[in-house]
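Starting off, we have a lone chain in the form predicted on its own, written out as structure tokens.
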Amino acid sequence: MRIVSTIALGALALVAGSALAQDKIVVTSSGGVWLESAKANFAACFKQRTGKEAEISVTASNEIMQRLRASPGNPPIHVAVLSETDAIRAGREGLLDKLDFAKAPNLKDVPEVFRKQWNDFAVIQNFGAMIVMVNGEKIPNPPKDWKSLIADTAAGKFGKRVSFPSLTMPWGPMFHWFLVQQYGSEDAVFAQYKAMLPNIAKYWVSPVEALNMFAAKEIDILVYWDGRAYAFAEENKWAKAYIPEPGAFQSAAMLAKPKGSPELAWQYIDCVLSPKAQLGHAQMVKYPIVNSTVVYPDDLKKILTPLAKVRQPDFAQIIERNPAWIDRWNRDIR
């Protein structure tokens, strides 16, 4: 009898513990305005729907991967925001659940292009592009296309007052891939990096440092993220932001449910993809979102990079080629 009672009490404890564990879920976000948007739009929707809390952890994609790999099937994170390449790796390694349209109905309004490369293990929640910021007082007529910008930089037209992203920063390989599509080969792109080097103030790694350099007017041209670039230009009339031809590469924040996380995680994912939360997110972070039913107000639409102007990289190819790219960069450019 005592053994039976002990087993029964143990079972009850497990059930109670399970219920307690689902009083809240742990989700991730980037910091700054991204965190504020996650609180105001995603966590607020989740709280309204379920009465439960979403604990938001500011955690980088590489750290999320480490934590998921350390506890497969019993993740400390219940909804993860990953980089594009990490989302592919996590799906391949069996660390994620497949997207469930029945449990997250707003997925039906997300075009396939925003999840296809990830084999339905992750979905884009918002996307952006790397564009160009210029000091309009110093450069009123900047080059209209990427090749002209690079050629003019190499020729010293702007002095040593230009900053491009380093290939070693997290999205550097995507920019490199984009340039390879234009120049036709990796060798040709590395030749351009070398040609620009004498006139590059810095191949930047830290986005905060890069924007600070531009804000202090230490540089006149900065290749940077569109959302932050447009927001900065709105507040600083001397700054301009534009998309050189033939467009830009698409970069994104990937939303995924780690395998073994509670079913409540689907409610949070559905909230992230809901029209109201998506629009609110776009208004706060100044990046385009993926729910096709959302209609942007005119003032927001004019500063968001349209999908037609971005090209989605081949992330599987980037994963395969990136080690060689990094090695070459460190030998020849750094």
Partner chain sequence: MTSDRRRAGLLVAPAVLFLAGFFLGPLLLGVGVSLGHGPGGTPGFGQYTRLLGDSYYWEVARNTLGLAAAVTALTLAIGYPYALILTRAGGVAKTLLLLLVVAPLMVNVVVRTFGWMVVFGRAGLLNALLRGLGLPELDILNSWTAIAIALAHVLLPFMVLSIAATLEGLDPALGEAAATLGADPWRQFRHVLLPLSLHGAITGCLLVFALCMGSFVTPLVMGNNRTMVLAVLVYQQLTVTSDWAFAATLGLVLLALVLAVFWLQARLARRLAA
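Just so you know, these numbers come straight off a predicted model, no measurement behind them. Positions refer to the first chain, counted from 1.
Although not depicted, the form predicted in complex with its partner chain is the subject of the following passage.
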Listed range touching its partner chain, judged in the model of the complex by heavy atoms within 4.5 Å, from 117-125, 156-164, 254-262, 103-111: 156-164
is_contact(residue 212, its partner chain) in the model of the complex, heavy atom dist at most 4.5 Å: yes
Touches its partner chain in the model of the complex: residue 84 (any heavy atom, 4.5 Å): no
Residue contact check: residue 182 to its partner chain in the model of the complex, 4.5 Å heavy atom: no
4.5 Å heavy atom contact, residue 75 to its partner chain in the model of the complex: no
Contact test, all of 89, 205 and 326, partner its partner chain in the model of the complex, heavy atom 4.5 Å: yes
Residue among 218, 187, 137, 245 with a heavy atom within 4.5 Å of its partner chain in the model of the complex: 218
Residues within 4.5 Å of its partner chain in the model of the complex, restricted to 316-334 and counted by heavy atom: 322, 323, 326, 327, 329, 330, 331, 333, 334
